[in-house]
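The chain below stands alone, shown as structure tokens; this is the form predicted alone.
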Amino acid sequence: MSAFFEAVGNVAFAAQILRVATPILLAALGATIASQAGCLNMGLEGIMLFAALTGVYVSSMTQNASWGAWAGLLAALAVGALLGALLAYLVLHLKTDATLAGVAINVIGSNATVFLMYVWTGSPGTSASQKSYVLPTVSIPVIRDIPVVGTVFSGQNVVTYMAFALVAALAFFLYRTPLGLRIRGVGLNPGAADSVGINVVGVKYLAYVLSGVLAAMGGAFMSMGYVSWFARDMTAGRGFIALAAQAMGRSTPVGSMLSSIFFGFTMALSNSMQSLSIPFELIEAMPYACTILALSAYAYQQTRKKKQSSGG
């Protein structure tokens, strides 16, 4: 038991929670903005995988240590935007079921990235043989010198800071700007929005594209923030966990952030427990088991509220 508390009862563990929560948070924000427009982006996992591979590939091709990682990030975001637009086209124009369209992107992403990586590197496992670059970490003046606080909040990857800044930015965008209000209006009542001249299809396209960009940033962080290479299915279900975080957060930026931190805690706990004498399979299953339990508790709470509101 003492080994367990030594593994999780330290400042480094708290810093790890923020790092592990970053890709989940970004994808959850993508799911949030899609949900606010009345859309469902089930393709988060596939978008993250495509973005992760694209970022590493473009970064490697630049052979430039100063801006190669940034070029990879921009390329990953562009791929996320394209996949978001593709998903919107499938759902809004071809009338494909949103769930099936998203699942298709996930399946294609899982397999196509392996094929493309094999064509590029000759290896179906990882791209470690090709030199790539990582996005920089940021040491925050003043904060870095504060005991405990500096260890947790300074020295994180730049994308981690961007992710948490995007929570505030997205909240302001959705609740304080005309375009954000249009997005929410379309999600609440598309017929009423259309009656006052809002381009419902255009707004949903925008929501899907922004959703793809945010998910792509999370995918790029996986391959250029965690490490400097792409590995087969390296997102490991984070896109699906992000959907759970968005649902638990009631499709709000702050709620999604809090849920993502919770899931980041479970993943960080899983990582820290690998040094203990606990079966590896049990440790690996822990984040996903916590996801199921959290969603079950959330669904139970929502059911009780509906019964109480209906007088049942």
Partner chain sequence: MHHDLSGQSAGNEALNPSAQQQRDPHRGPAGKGGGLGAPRDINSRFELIRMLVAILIGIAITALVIFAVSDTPLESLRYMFIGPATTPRYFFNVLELMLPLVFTGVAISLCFSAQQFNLTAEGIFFFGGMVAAVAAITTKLPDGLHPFFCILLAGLAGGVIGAIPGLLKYRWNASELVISLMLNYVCFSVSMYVIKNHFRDKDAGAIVSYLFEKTAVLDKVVAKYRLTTGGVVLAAAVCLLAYLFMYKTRWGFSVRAAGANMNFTRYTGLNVAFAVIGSQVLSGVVAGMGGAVEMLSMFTRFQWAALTGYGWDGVIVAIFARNNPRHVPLAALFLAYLRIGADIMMRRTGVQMEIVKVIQAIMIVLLVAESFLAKTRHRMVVREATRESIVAEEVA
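Since this is a predicted model, take the numbers as computed values, not measurements. For clarity, a rigid core is taken as the largest C-alpha set superposing within 1.5 Å between two forms. Numbering follows the first chain given and starts at 1.
Omitted from view is the form predicted in complex with the partner chain, to which the following refers.
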Practice prompt. Give a yes/no on whether residue 144 approaches the partner chain to within 4.5 Å in the predicted complex, heavy atoms considered.
Written response: no
Fill in: 4.5 Å heavy atom contact, residue 12 to the partner chain in the predicted complex
no
Item to complete: May I ask you to check whether residue 268 falls inside a 4.5 Å heavy atom distance of the partner chain in the predicted complex?
Response: no
Worksheet entry | Touches the partner chain in the predicted complex: residue 246 (any heavy atom, 4.5 Å) | yes
Item to complete: Name the residue from 100, 196, 179, 165 that puts a heavy atom within 4.5 Å of the partner chain in the predicted complex.
Response: 100
Practice prompt. Work out which of the listed stretches, 129-137, 212-220, 114-122, 74-82, brings a heavy atom within 4.5 angstroms of the partner chain in the predicted complex.
Written response: 114-122
Fill in: Any residue of 207-245 that, in the predicted complex, places a heavy atom within 4.5 Å of the partner chain
232, 236, 237, 240, 241, 243, 244
Worksheet entry | Per-residue C-alpha change between this form and the one not shown, residue 294, threshold 2 Å, rigid core fit | yes
